[in-house]
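First, one chain by itself: the form predicted alone, in structure tokens.
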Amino acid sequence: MDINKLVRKNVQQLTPYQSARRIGGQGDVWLNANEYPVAPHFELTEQTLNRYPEPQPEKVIQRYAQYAGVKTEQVLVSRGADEAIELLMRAFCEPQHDSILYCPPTYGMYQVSAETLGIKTKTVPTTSDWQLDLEGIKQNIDTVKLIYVCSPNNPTGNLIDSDDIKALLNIAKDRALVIIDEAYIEFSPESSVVSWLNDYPHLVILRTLSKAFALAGLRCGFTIANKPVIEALQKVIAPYPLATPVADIAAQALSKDGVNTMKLHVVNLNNQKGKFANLLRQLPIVEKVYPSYSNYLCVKFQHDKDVFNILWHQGIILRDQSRSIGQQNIIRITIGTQADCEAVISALKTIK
């Protein structure tokens, strides 16, 4: 029996998201997944694994609402922000009829989630400086229910201009939700749009504990939005999205001490990023280090150097972004430990 004949046609044609772990590699220096380089330590305090967890763990919701400066009714917790991306489509988009819109180069899961669900996609590429093409969006907004904007953007690392986001919200008024993916916002907290929620009922913000909180393995994300949006998402989310150990550790990470530890990590990592960027700029092989408001750098290397593969075979695993950005020899490098960054610099110096 050919099981593939039973698979939905759109899934048969789907190219899965190429996550860092799916791509693989073998090495000692892993700088391809935008993870925090040092593992935090937690101990489980909840010992009620014989019971189902809370549908929306109260302590996690309360602590995240306090941290984000919103009401508890404006917060939904999910299995990473990736689940939230899909929940919005399930709640608001009619398959084969409605569309989502996103602006490449950007995070690939917007496209993959839509294609998985049979929802149409529209793309309006960013401008040459990786900002929104507002006129292009305006011309393509028919049938669009959701507009996804990542800021700081992955993989480019830049912030989206706040005035352009406001303009986008005005374009989408009474037509679509505008989802601002703030997965990396802790590295540039002053740029968050959370304070705009009262003025824009169609604004949605996505957050995660994967990056600055150093908990990528926990799979815990958040949707911040006004109550009607949260209520719609609660209709389609799984009954128990967070396992008890996940909620337990998330609540600890969101305690006062946990948040203070995260902020210290951010200061240290931003300092490391600045030093690493300066060292990269001094190398002849580097053409440009792009400004970054995240925990990674987007770097353009000389066109005739196979930097990605050379370092890959030395056990230094980076992320080739040439295809997604549309320019050759652009690599995204996660900020690692000082030893990690020194290993990258040393390896690059040997390339002639």
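Here the structure is a predicted model, which is why all the values come from computation and not from measurement. The numbering used is simple: start at 1 and walk along the sequence shown.
This protein has a second form, the form predicted together with a small molecule, left out of what is shown; the following refers to that one.
Using a 4.5 Å cutoff between non-hydrogen atoms, residue 156 does not count as a contact of the small molecule in the predicted bound form.
For residue 223, no non-hydrogen atom is located within 4.5 Å of the small molecule in the predicted bound form, even though that partner is not displayed. Heavy atoms of residue 210 reach within 4.5 Å of the small molecule in the predicted bound form, making it an interface residue. The closest non-hydrogen atom of residue 101 lies beyond 4.5 Å of the small molecule in the predicted bound form. Listed residues 168, 205, 253, 85 were compared with the small molecule in the predicted bound form; 85 is the one with a heavy atom within 4.5 Å.
A heavy atom within 4.5 Å of the small molecule in the predicted bound form is found for exactly one of 80, 241, 258, 105: 80. Only one of 244-252, 262-270, 211-219, 115-123 places residue heavy atoms within 4.5 angstroms of the small molecule in the predicted bound form, namely 211-219.
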